[in-house]
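Just the one chain here, the form predicted on its own, laid out as structure tokens.
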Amino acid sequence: MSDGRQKHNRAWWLVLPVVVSVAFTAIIPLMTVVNYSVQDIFSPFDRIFVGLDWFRDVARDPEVRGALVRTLIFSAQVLLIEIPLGVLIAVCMPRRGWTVSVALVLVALPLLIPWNVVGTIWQIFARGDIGLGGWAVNKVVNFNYTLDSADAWITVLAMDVWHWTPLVVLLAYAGLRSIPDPYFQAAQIDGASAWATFRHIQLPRLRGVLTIAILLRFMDSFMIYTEPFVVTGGGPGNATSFLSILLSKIAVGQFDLGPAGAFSLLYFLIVQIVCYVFFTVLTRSGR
């Protein structure tokens, strides 16, 4: 028994670096934000405890509510476009031969580009005067994302679809490759169509992978900041001012640490609640 206890005690030393790392990277910063959110800070030595006042002000702020609605709509559009498109591309990709490696490399290329570089690429690409994409669109309709709210929204949405659909493709493709060949052979013998094969064989096997893809894409799109900030700066007006951009404006631009702390905690809570709802619904529907 004593040897068993000694082994367990030694195991705690292996976990200790992880505990220390999490404490410094997550717990301590979170506690600092909580501390800011309940105080009105005038200087490092002059502050007043205000309780939940900042939370009430943030919750009642029409600018915050507008940013929340825009962020939710953007995340919903991202999921409705990227999940079906990613699955479609994964189904059409080759399963054997040298073309598999080529296809995977080409699909994964956008994921290797840093977020700020993606924003810069699309900032130039969508310009009507110097960008190829903006020039081509202007041949059909008048397009200017710097002046028109709808054009700015479409530009940010198209940029996110281009950048992150490959993640869904790779996850879906991995799920498809895990399906044993006898399933497809049986479907072929039974004379099943391509749609029937996808519906009854491929889609059920992709449920777990798609759950991960939906959660990842929702969290990423709901917290998107760098790309729209580089392309539009949240404009024109507030057209692409999402929660993250508004939070940065309050925390960094205005340096209002109290409201920014309360805003951050409410932001974090919304992400956790929505992800929990998504996970619960998706896992229960698969039973």
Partner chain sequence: MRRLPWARTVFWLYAATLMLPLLWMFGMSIRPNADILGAFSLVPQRVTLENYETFFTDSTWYSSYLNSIVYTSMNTVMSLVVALPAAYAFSRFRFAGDKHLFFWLLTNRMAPPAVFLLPFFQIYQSVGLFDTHLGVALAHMLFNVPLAVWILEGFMSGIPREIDETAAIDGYSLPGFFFRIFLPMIRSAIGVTAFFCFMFSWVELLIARTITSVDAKPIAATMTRTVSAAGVDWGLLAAAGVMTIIPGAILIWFVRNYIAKGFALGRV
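Residue numbers count along the first chain shown, from 1. Being a predicted model, the structure only gives us computed values, none of them experimental.
Keep in mind that the form predicted in complex with the partner chain is not shown, yet the notes after this line are about it.
The partner chain in the predicted complex comes within 4.5 Å of a heavy atom belonging to Ala260. Residue contact check for Ser193: one or more of its heavy atoms lie within 4.5 Å of the partner chain in the predicted complex. Val277 falls outside the set of residues with a heavy atom inside 4.5 Å of the partner chain in the predicted complex.
Although the partner is absent here, Met223 lies within 4.5 Å of the partner chain in the predicted complex, judged by heavy atoms. Among Val69, Val252, Leu52, Ile48, the residue placing a heavy atom within 4.5 Å of the partner chain in the predicted complex is Val252. Residue Ile130 is the only one of Leu80, Ile130, Ala150, Val140 with a heavy atom lying within 4.5 Å of the partner chain in the predicted complex.
The candidate spot formed by Ile27, Leu104 and Leu171 is fully in contact with the partner chain in the predicted complex: every one of the three has a heavy atom within 4.5 Å. With contact defined as any non-hydrogen atom lying within 4.5 angstroms of the partner chain in the predicted complex, the contacting residues in 110 to 125 are Pro110, Leu111, Leu112, Ile113, Pro114, Trp115, Asn116, Val117, Thr120, Ile121, Trp122, Gln123, Ile124, Phe125, given in sequence order.
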